[in-house]
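The chain below stands alone, shown as C-alpha cells; this is the form predicted on its own.
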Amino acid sequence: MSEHELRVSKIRDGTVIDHVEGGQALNVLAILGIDGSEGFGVSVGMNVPSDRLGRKDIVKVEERELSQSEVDVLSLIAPEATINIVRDFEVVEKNRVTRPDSVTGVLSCPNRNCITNADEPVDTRFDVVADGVRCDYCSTILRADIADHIDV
C-alpha cells in the first residue's frame, strides 16, 4: 500500500473524527454510545501514521453528526481532534475541538466519599484545568485516566 492510498473508504454523510491520540478510538466510540447495535456504519483506524501526532486514530461514523456536549467530552480525551462534517462525500465543516470550562453529568468522581457517589440526586460537575479535570464538589483531580471515568 502506498503512502497516499486510502485505508478506509470515504463516507457519504456523517462525521469524521480525526487526529485522535493513538489508542483512544474505542474510548471515542464509548463516549458516543456506539456499540454496533444502532446501525450506523462505523470505520475505525487505529495507530495510523500522523505527521502531527506520530500515531493517531480516526473514527468515521456514517449518518450521524455530533452534538456539542459529545464534542466537549471528546475534547477531554482527544484535545487535538478535528471534527469533520461530511455531506454527499464532501467535507462541509471542519472544526478543531476546544476544551470547555466545565462538564456536567458525563464523568464519575473516583473519590468514594464525594457527594456525587452517595445516593443523592446530584450530577457530577468537573472544572477543566490545565492538567485534567477537577471535581467541583470534592476537588479530586483526574489526569491521565479521564477515559476510565466517562459515565455517559
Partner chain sequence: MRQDHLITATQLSRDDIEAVLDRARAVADDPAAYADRHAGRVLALCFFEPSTRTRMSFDSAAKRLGMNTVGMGDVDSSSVSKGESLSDTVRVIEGYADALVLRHPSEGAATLAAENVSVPVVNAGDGAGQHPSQTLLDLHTIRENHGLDDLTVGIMGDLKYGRTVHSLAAALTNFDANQHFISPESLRLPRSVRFDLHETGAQMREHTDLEDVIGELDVLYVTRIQKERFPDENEYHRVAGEYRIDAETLEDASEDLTVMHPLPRVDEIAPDVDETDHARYFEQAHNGIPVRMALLDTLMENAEAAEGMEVDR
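Numbering follows the first chain given and starts at 1. Source: prediction; values computed, not measured.
Form predicted together with its partner chain: not shown, discussed below.
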By the heavy atom within 4.5 Å rule, which residue out of Thr98, Asn113, Thr104, Asn47 makes contact with its partner chain in the predicted complex?
Asn113
Any of the heavy atoms of Leu53 lying within 4.5 Å of its partner chain in the predicted complex?
no
Considering non-hydrogen atoms and a 4.5 Å limit, does its partner chain approach Arg143 in the predicted complex?
yes
Whether Ser9 contacts its partner chain in the predicted complex should be assessed with a 4.5 Å heavy atom distance threshold; does it?
no
Might Arg125 be said to contact its partner chain in the predicted complex, defining contact as any heavy atom within 4.5 Å?
yes
Okay, which stretch from 105 to 113, 26 to 34, 55 to 63, 87 to 95 lines its partner chain in the predicted complex, with non-hydrogen atoms inside 4.5 Å?
105 to 113
